[in-house]
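Consider the single chain below, provided in structure tokens and representing the form predicted on its own.
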Amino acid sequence: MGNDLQVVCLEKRWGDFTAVDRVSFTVAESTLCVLLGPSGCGKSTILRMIAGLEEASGGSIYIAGRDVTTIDPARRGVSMVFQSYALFPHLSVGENIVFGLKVRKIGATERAARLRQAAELVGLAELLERKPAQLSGGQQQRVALARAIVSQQPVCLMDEPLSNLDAKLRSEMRSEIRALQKRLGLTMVYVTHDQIEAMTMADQVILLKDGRVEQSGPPHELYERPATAFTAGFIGAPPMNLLVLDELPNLNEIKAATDDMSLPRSPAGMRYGVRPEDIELAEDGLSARVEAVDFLGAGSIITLHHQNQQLLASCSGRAALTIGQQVYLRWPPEAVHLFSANGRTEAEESIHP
């Protein structure tokens, strides 16, 4: 069965409040799964229940086919990297890395061999005698990673490990963590609220909302075929535009933007989605007013208003537009996503009527 992880109908309740509501998913052996979602969606709580740091109110957790739901955390076969590096300031880097091995009474010879291997993997071989205070934030994070590696547990859990780093270092560490996961064949569950981290690192993304799974699948699937309006608005940078159809006075303008006259007859509450990168400036189509132009170097993000609703468009280079300018927008028919009043696509409605 390998070192896969299976979560079945997992629940966590505090009194009348349900933080995690019957969440189920499977993480295949040697893959990286990202639990993604806004603050308060339950992702860290799920991770802590898998680790055994929180008691589940219901459901089951299986690692390599073994039910570990009520097993002591030390016997679950997991390692964990926290948001705070949780390093002992009075111990050296090397001592911090092997601290867990000492607790487990692993022999000195094996500890030294594991330390050497882990330190080389994360680029700390020359820093083992230093104290944590003498390290940069990125180096401290590498110590936390090395501590997880030396444990040689088949499942590695990471709770927003890069949130304390600057943007450039975050990007570098994302690549390093992904490369390490692949090289060591770890089954990894990684928690983040950053959809860029999810899209660039994951084999599988589980998007959570209010303690429930909103959509699960490979990153490209959530981007290209969002099952709900929430997924559409959360995945993508900038996110998908979602126009409320029954708040638009003239639907013919929307139709003119695509030369497609097939909008639903009863659009009550429906949202019309189109990604910013699919919108082009044109000589006719949907009329809009330029509200802002943000130049980002390689491209620009244009904020526009049509009637009382906002749209974002992205383009390469610098957009030669002025604030208040009237423009026309077009996009291909295949770029359109329609969501019902309850936020689901037609396909999703057939599965969850």
Partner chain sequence: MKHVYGWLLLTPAAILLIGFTHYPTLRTIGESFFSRGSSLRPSRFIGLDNYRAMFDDPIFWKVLTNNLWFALGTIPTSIILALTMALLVNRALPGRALVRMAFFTPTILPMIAVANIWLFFYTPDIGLIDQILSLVGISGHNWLGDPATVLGAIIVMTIWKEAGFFMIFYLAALQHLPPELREASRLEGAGRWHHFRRVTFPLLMPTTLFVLINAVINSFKLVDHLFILTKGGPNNASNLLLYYIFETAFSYFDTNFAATLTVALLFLLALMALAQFYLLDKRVHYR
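Residue numbers count along the first chain shown, from 1. What you are looking at is a predicted structure, and each value in this text was computed from that prediction instead of being measured.
Beyond the structure shown, there is the form predicted together with its partner chain, which is absent from this document and is the topic of what follows.
Student: Taking its partner chain in the predicted complex as the reference, which of 90, 255, 225, 116 has a non-hydrogen atom within 4.5 Å?
Tutor: When its partner chain is considered in the predicted complex, the option within 4.5 Å is 90.
Student: Considering non-hydrogen atoms and a 4.5 Å limit, which listed residue (212, 104, 220, 182) is close to its partner chain in the predicted complex?
Tutor: Exactly one listed residue reaches within 4.5 Å, namely 104.
Student: Looking at the partner-bound form in the predicted complex, is residue 147 within 4.5 Å of its partner chain by any heavy atom?
Tutor: Answer yes; at least one heavy atom of residue 147 falls within 4.5 Å of its partner chain in the predicted complex.
Student: Quick check on residue 86: any heavy atom within 4.5 Å of its partner chain in the predicted complex?
Tutor: So residue 86 counts as contacting its partner chain.
Student: Might residue 230 be said to contact its partner chain in the predicted complex, defining contact as any heavy atom within 4.5 Å?
Tutor: It does not: once its partner chain is placed as it appears in the predicted complex, residue 230 has no heavy atom within 4.5 Å of it.
Student: Consider residue 80 of the chain shown here, and say whether it contacts its partner chain in the predicted complex, taking contact as heavy atoms within 4.5 Å.
Tutor: The answer is yes: residue 80 has a heavy atom within 4.5 Å of its partner chain.
Student: Going by heavy atoms within 4.5 Å, which of 92-100, 233-241, 163-171, 191-199 lines up against its partner chain in the predicted complex?
Tutor: Every other range fails; the passing one is 92-100.
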